[in-house]
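The chain that follows stands alone, in the form predicted on its own, written as structure tokens.
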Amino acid sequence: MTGDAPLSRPPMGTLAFWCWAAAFTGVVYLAGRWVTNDYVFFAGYIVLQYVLLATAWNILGGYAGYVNFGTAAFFAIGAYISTALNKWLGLPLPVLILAGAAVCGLIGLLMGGLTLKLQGVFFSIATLALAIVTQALITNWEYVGGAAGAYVIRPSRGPLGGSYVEYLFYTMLLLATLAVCIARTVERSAAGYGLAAIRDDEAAAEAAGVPTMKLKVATTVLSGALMGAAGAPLPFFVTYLDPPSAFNLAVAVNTIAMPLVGGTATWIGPVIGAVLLSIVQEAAMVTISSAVNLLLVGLIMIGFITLAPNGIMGLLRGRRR
């Protein structure tokens, strides 16, 4: 090494990253105990929900290169499983989240086995069909209100003290942090390198001995489970759940736009995109109108696809080079 060669810092280990993530979560929790305005927790919940959804989508769409248009289906299934079990057994929220994640993980397994032999636009169309079929089934599921929707009684106080919205915020904080840690662990593992090989050239990866089908199915299960976990607290957040709110177009669009804006090749890209677009949309809703949210997202996507197709992280890496 010559004297002019720059010294590169070694990458942070997986255990150290999990420890830093736990410390960050603890700091946010302690800071939140001083907040008395519930609007902060409402807005923070939405940002963290999109961090979770964007990270979950990126595990399959970014790492493996399989674009999933069925995000709304997994999100809505998690919400309606939570609603049904709450109505039937009155289970606590952590159990409802686990149930939503388990059911959506199973659906991801079935979907992966049926659709992952398709590639490119054919896979994307198959996932879009899943969302359409799921919406039709839930619209006719009378136990959870069907097309009329269902009201969910939200407790006034959370088990940790404070309002229940505050409790929902901390729950989503924990879920989002867990999802980011899982995504980074996958990215830095042998499975992550295998997924990158699939994204670049699946035929070459399979010829090189990468277990492509097993990796794709496992990734679909993990991505679906995280999306289901994101949807499970939704009934308690909105208190009235109907198909249009569960299968919200904004959820489907944002979940894809946020990783694209931040950068899909790394775990931090979806986090940056989710925080940026969530803040922009929240500011537009407060100052202008909620009707311009998707318009702003569309314009931002067009700008990044045209000027920075690799997202913000791609721009930063290009400048470092």
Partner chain sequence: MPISASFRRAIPAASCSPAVVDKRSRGKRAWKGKPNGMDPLLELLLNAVVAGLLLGAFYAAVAVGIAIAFGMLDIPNLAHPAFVVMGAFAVWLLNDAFGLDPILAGILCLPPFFLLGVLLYQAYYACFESRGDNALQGLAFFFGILFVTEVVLILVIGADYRTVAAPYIGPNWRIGGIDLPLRMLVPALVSLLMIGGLHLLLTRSFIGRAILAVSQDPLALQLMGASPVRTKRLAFGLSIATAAIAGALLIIIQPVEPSIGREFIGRAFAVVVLGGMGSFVGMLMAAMVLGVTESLVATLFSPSWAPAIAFGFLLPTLAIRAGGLMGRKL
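Positions refer to the first chain, counted from 1. Computed from a prediction, not measured in an experiment: that's the story for all the values here.
Same protein, other form: the form predicted together with the partner chain, not shown, and the subject of what follows.
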Inset, instruction - Report yes if any heavy atom of Ala283 sits within 4.5 Å of a heavy atom of the partner chain in the predicted bound form; otherwise report no. - result: no
Inset, instruction - Check whether Ala22 has any heavy atom within 4.5 Å of a heavy atom of the partner chain in the predicted bound form, and answer yes or no. - result: no
Legend entry - Close approach of Met301 to the partner chain in the predicted bound form, 4.5 Å, heavy atom: yes
Inset, instruction - Give a yes/no on whether Leu130 approaches the partner chain to within 4.5 Å in the predicted bound form, heavy atoms considered. - result: yes
Legend entry - Within 4.5 Å of the partner chain in the predicted bound form, all of Leu52, Ala205 and Val221 (non-hydrogen atom): no
Inset, instruction - Tell me the stretch among 73-81, 167-175, 115-123, 98-106 that has any heavy atom within 4.5 angstroms of the partner chain in the predicted bound form. - result: 115-123
Legend entry - Listed residue that, although the partner chain is not shown, lies within 4.5 Å of it in the predicted bound form (heavy atoms), from Ala136, Ala190, Leu91, Ile153: Ala136
Inset, instruction - Counting only non-hydrogen atoms and a 4.5 Å cut-off, give the residues of 292-317 close to the partner chain in the predicted bound form. - result: Val292, Leu294, Leu295, Gly298, Leu299, Met301, Ile302, Ile305, Thr306, Pro309
